[in-house]
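In structure tokens, one chain follows: the form predicted on its own.
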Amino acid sequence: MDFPFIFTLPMPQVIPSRVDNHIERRLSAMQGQFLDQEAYAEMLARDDRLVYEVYEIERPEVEGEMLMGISIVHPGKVGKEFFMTKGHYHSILETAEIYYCLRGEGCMVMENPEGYMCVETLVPGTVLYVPPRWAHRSVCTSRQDDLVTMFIYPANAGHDYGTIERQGFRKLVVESASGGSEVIDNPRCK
């Protein structure tokens, strides 16, 4: 029998007091995700840097349960492209997800199979609703601070990383000429 439970998000670390699964994605796990593959290879040869982490509070993967946790995308770039998560659709395409930005600056790159695209800015206090059928990827545009978000989604939703690994997102977030960030078309998705 399940019982209600609580956990804390102690500031400023924001690592949940209860963690069932800690995922670390290093540069080597991001093969093929960045546009500038030459810069990627050079960077990987020097250091297999930690790109992002996920701290999950697991629940049974059944309808009615909610999985939640914290995602931390560290600052950095490969070429001009900012560090990001791999991005995914949900295996059960008709499931949504909610993100709450706790710290840092960044954006969420989203698209659906019908070809619609959207990029939303994430700053502390922002709540983002990702509707069913939308792939999504977090991008840290800060030079110094982690992008930290809390996420909640149906525990039976699953993850489809393969579709994005094969085709990429139609939009990329890169450093602009002025030193900020800008969204550009992905030349690999034509």
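The numbering used is simple: start at 1 and walk along the sequence shown. All values reported here derive from a predicted model rather than from experimental measurement.
We do not show the form predicted together with a small molecule, though everything after this point is about it.
For the options R103, K80, H74, H88, the residue carrying a heavy atom within 4.5 angstroms of the small molecule in the model of the complex is H88.
Partner proximity in the model of the complex, defined as non-hydrogen atoms within 4.5 angstroms of the small molecule, places exactly one of 139 to 147, 117 to 125, 52 to 60, 38 to 46 at the interface: 52 to 60. Within 4.5 Å of any heavy atom of the small molecule in the model of the complex lies no heavy atom of R133.
Contact between R25 and the small molecule in the model of the complex is found at the 4.5 Å heavy atom cutoff.
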